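Coming up, as structure tokens: structure 1 and structure 2, two forms of one and the same protein chain.
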Structure 1
């Protein structure tokens, strides 16, 4: 009986391993699962898993095993949390995160351990600039990209002067710098950049200064609760009807319900929009709503979905052998991703080269208006790859 059992066990093992020559690919999600950004982390994970589900639960024929750590949106805990996934769980791929400060710590941990990292949101320019690395990729955007696109639109609209305003932190500076670069390149002039400490929302003194400066337009980078209050205060100050307010897409993404009538008609730039109405996006939205009815199919879900696509492109090139890191990374960098946002490629620095859309708030939608800038590549200043 013992001999028969051994043969049976061997046959079972062979059957289980058929078509899968390697161990399961271990994917570690380091995302915010609590606090302000919890819904964003959930949407990213949902999008990633939706793509894997569409491939029959595998990527390039390999099973996918998931591990999760709540990054708590706390940069000081970044190294410790990253090492829980890298050293304790032995993940092959890191996927994270939303907060740029945490992403910087995550990128360092990935580099130190030679682990492949796909960033599904954090837009810090430095990650694909001075800190660029052969094993770090982004499925989202750089902070510079939406700002640059909106500056081009403002100039196209005939605006000659502008004021920029943001919290005094890296994301705000990088976004407003992007706006200034393209706006002034087209002949416009940013007459003043206004800031206030994060997360201060006492906007009234700055709104009074904007009114006195009388620019043709205002460009802003705010998100979350700050975006809600800024949009409401801007309208309440009587500025909305006299000085057009432009923003990076996060001004009105996930905030429209709270902003109410104050947001109607606002124009923003981002790499995703409602109403793209392409077969690829319509199918994605339909499938996402079917599987995750509690959350909208938003930009965060798309970024998670495309992180999985990028990983699959790399795995296919090495026939699922995750140990062939360099070949897999080269394949990711040279991939063409068929995204719900529209097809995109990756720059040498690992950042999407993608269409940036002009959107206009109509009801509860950031409705597609037009392509603001086609195939916009982040300049990756300081990258030595």
Structure 2
């Protein structure tokens, strides 16, 4: 007699014969593998895979199958790249991306297709603000968070005036806005906001302007290859010793080897630091260095690692049955993540509530100085969840 299987029954039968209750979980990485953020994408993928490997190659008993697309940090290609993973590859979970503009397109595609999205970097405030959504989570930060923490520290340091400088897209705008908010609340004044288009690195005219404005301090958002060049140019322009340069910690994370002497002493704020010296972080760093000896265990690696932990928390709650989307998402939202950065929970909007550290560059380390702001939650302005 001819047997007729439903689609699901057939998939289940196949998976059962492979020794697991369900088919492998399909994870789609949409990350930059080229351009100024290429190293960041690589570190995120490494971190994610490291966590899965530590669990014996499975999450909550499920095999993991990987797909990937290079998004080139190009927002205009965002919808097409997202749909390669969603429609062509049929992934269950999206993990992406680094660039806030690309992440906006990715979040829209995830919402339209009701796909679960874990953002392992991009801080676009809107994604966990007015556009917040039950299927979207971050293992990283909102752009507001490090900026807000650094503004508070600058005011504590006694600085009264500051110039902010960044690329003119969401991340730069929101990071410097966060700085301005806490700095001005404490009595400081941002006298000028300077920008250039992403991913340009023609910093010279802007550095000349900073020299003539003579603020007490400069706050910046740059990352990846652009951050390497900015820190080098700032020092070469002779500004490093006269006007303290602060940043969201991306300025010096994963970049110190290339920045060398020009980065020494810089103070930045971020949700990760070198020298936390906790058993959890030490174990992560040891495993990471063993697996990826050429790369520093940086914030991006941690965010990738924690994206895998978040997915695992969701999968555990549904015994690996990813068709139970609501229950899986509820479990992710209420999870406590045992991160190398320190334990964190997620806000209602799906963004980490986490300590923001002040770090200072010493040698090849972003050395932990102190907790700048404890358990900082993004205000999630406009989120209606």
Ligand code: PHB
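The term rigid core refers to the most C-alpha atoms you can superpose between the two forms while keeping them within 1.5 Å. Everything numeric here is computed off the predicted structure, so don't read it as measured data. Numbering follows the first chain given and starts at 1.
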| item | value |
| --- | --- |
| Form predicted alone, given as structure number | 1 |
| Residue 139: Cα shift of 2 Å or greater between the two structures (core-aligned) | no |
| Rigid-core frame, C-alpha of residue 214, shift of 2 angstroms or more between the two structures | yes |
| Flag for residue 264, CA shift 2 Å or larger between the two structures after aligning core | yes |
| Distance moved by the residue 154 C-alpha between the two structures (core-aligned, Å) | 2.8 |
| Core-fitted comparison between the two structures - CA shift at residue 204, Å | 6.4 |
